[in-house]
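One chain follows as structure tokens, the form predicted on its own.
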């Protein structure tokens, strides 16, 4: 029987070990990867079964501030489970996408994807700033490698641009960590929280600005989003799913952790700034998605818009709307991860069947690729915030927070964003029902569409699990995230 807290290092070491084994596995890699998916997802579900009970693990028995600490609460648990579902779907999809002439890329994709899975889990469970920085750097390098996997000039250029931008962001974050360490004498998040609250020095404001600014750049918050559409739009579909659903979400997660913990006494004037940038991201990203003619660029700009909701919510984390805002932003993050992953996977299936990326080439896809079109529509329903999806629950709670706080502008911006989301997704789905000008072969598109549909249905079914998820988050909402 696995000890409860032992789940935390296993959830990091198992994907890491599988990544190393896959480098040596040869033709058995597919079966090893599938077995690893089942086992790692089962462990994530086992962590979920603890009901958000806080778990702490000191690696090697060395507690903070000397050792490496891992911790999991309801927030981390939900994100670990979402990560397992998205990574599993992307890996299964990759087995079909990287086939035939792309088999060599598939052999490279498996270990990189498993390393990414290990890195995301390590970040979600990290309990000190040093490991947060290390895991952020690991995700940066892996994301750049995955984005360059297609080996086209556009993909390589976008990957290099992303790498340079992410390294600038990492430098800013590291400088903030150094200032924070110099002022508090520790990197353990819980100890930093205590010492910052006792002595909020001016230098800590500079540290916070550097850290939040670097993370906002990594998360592609408007107007720092220029690197995202080319990187996500030019990558292979399973890679785009991982980047959009997990990598940019990891930076948001770190901001949220710091916001509720070490930096809580310093966030007074920062919330409105993030709120303004988030609101602009919702409108600008939605408008740009509506104007795109390339299917993957529609989905990529949609990520810019949807990340805007998460950052706008930082200005709602106050007053009577605090709990609603926190619950809403976490549900929105989970719903976006599942739905956006499904949308990129569905887009890949449609591109294979249509033979191109243009939206006007999707005519007739509703009959030729019904699974992919259904996945695109279901995922779109969640992103637009329509019932009964988890996306509806998340956005409803954010609207409720704005109402309780009397922040009417954000109420209007979020409603306008939902209308924009519905508009650009309806435009794409409507084209698939037009008569096809020529017949086309289906190829492996149906299998790809089936994987995308499974992930989209999880985004839909998550709407029926809102109350259990809110129960997981209840202790986090009442204690500020530190248990």
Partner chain sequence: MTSALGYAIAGALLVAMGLAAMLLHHHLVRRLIAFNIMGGGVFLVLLGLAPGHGEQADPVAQALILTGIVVAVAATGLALALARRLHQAGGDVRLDHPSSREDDDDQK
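Numbering follows the first chain given and starts at 1. Note that this is a predicted model, so its numbers are computed, not measured.
One more form of this protein, predicted in complex with its partner chain, exists but is not displayed; see below.
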Open item on the list: Going by heavy atom distances of 4.5 angstroms or less, which of 141, 264, 283, 205 would be at the interface with its partner chain in the model of the complex?
Closed with: 141
Task: Contact assignment for its partner chain in the model of the complex, among 133, 259, 98, 253, heavy atom within 4.5 Å - done: 133
Task: Residues 148, 181 and 217 all lining its partner chain in the model of the complex, heavy atom within 4.5 Å - done: yes
Open item on the list: Under a 4.5 Å heavy atom criterion, is residue 270 part of the interface with its partner chain in the model of the complex?
Closed with: no
Open item on the list: Within 4.5 Å, heavy atoms only: does residue 336 come near its partner chain in the model of the complex?
Closed with: no
TODO: With heavy atoms only and a cut-off of 4.5 Å, decide whether residue 200 touches its partner chain in the model of the complex.
DONE: no
Open item on the list: Please tell me whether any heavy atom belonging to residue 225 falls inside 4.5 Å of a heavy atom of its partner chain, as the geometry stands in the model of the complex.
Closed with: yes
- [ ] Considering its partner chain in the model of the complex, find the one stretch among 154-162, 87-95, 305-313, 235-243 with heavy atoms no farther than 4.5 Å from it.
- [x] 154-162
TODO: Enumerate the residues of 168-200 that have a non-hydrogen atom within 4.5 Å of its partner chain in the model of the complex, in sequence order, or give none.
DONE: 168, 171, 172, 174, 175, 178, 179, 181, 182, 185, 187
